[in-house]
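In the form predicted on its own, a lone chain appears below as structure tokens.
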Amino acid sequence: MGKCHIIHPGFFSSLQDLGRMGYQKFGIPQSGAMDQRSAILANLLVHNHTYAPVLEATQIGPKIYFQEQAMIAITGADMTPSIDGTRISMNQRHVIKPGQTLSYGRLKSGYRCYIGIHGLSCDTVLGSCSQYPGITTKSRLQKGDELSFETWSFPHSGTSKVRFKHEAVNSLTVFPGSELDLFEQLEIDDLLSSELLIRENDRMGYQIEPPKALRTIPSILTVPVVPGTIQLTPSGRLMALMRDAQVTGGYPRIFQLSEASINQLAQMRTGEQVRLKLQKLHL
């Protein structure tokens, strides 16, 4: 097995896979990669299965020293990655030789990037490698952490590359939420025709502010929520729940993001604007 060392973790970098399934009834969040499309692509490029762990970095990428030869691929946000100072391409596999260092520079597009490492291994808790406070020993990568992977024994990585990059998309597809019918159609039409401002974001959720606060309604009984559920909070703001969100909530569920839109939103930053596009359900 090869080893790599975290010289600097970047900003809120963590190990993630596709999530911790089947434990929501015990109050345990699903977790997993925020942008799962990019995480899957990173794994496929380095010959891992789609459920394998990846490194997720937010806004600022980590600095990693490789003790043995490895094959890697970087997807999602473009944080100008380089090996020993030489810029490398996104969405393409690369060989890192023993003694080389992967580092990052300026964030050019997107918000979260994914590092796939061939044969990356980590301890699983409840069937998942995804780091989460109180569930795993650590909630994020830290300086001095050591990761294990299968050494890549070939001198070259091959030529596999995909044409895939983050593109600015400010329209998110949503489906009707369970409590949408509690609002007047005029209110919903006004919301769907407006640009909404992202106020704050983290792995638990995105706070999204309409130009005009919606009429608030009394809290409802605690009900199940899942990643992508959009709730209306008492402040009149929307809260789009993400991968580390709680499993129940007492605010009206006004919309539900599509899976593709969860991935898109995960690549957006505070201060950006979005629009919601309602997709009717046909049963």
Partner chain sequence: MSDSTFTEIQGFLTSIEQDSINGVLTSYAAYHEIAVIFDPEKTNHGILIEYFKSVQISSPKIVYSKLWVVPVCYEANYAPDLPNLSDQLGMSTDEIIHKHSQQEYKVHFLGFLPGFMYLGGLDEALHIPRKNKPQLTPQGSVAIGGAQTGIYPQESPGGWHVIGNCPLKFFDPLEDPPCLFQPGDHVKFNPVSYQEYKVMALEIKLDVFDYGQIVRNG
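None of these values were measured; they are calculated from a predicted model. Residue numbers count along the first chain shown, from 1.
One more form of this protein, predicted in complex with the partner chain, exists but is not displayed; see below.
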With a 4.5 Å heavy atom cut-off to the partner chain in the predicted complex, the contacting stretch among 230 to 238, 25 to 33, 62 to 70, 48 to 56 is 25 to 33
With heavy atoms only and a cut-off of 4.5 Å, decide whether R253 touches the partner chain in the predicted complex.
-> yes
The partner chain contact in the predicted complex: I188, any heavy atom under 4.5 Å = no
Closest heavy atom of L126 to the partner chain in the predicted complex, within 4.5 Å or not?
-> yes
4.5 Å heavy atom contact, P133 and the partner chain in the predicted complex | yes
Exactly one of I40, L257, V225, M242 has a non-hydrogen atom within 4.5 Å of the partner chain in the predicted complex; which residue is it?
-> V225
Since the partner is left out here, which residues of 238 to 263 would have a heavy atom within 4.5 Å of the partner chain in the predicted complex?
-> Q246, V247, T248, R253
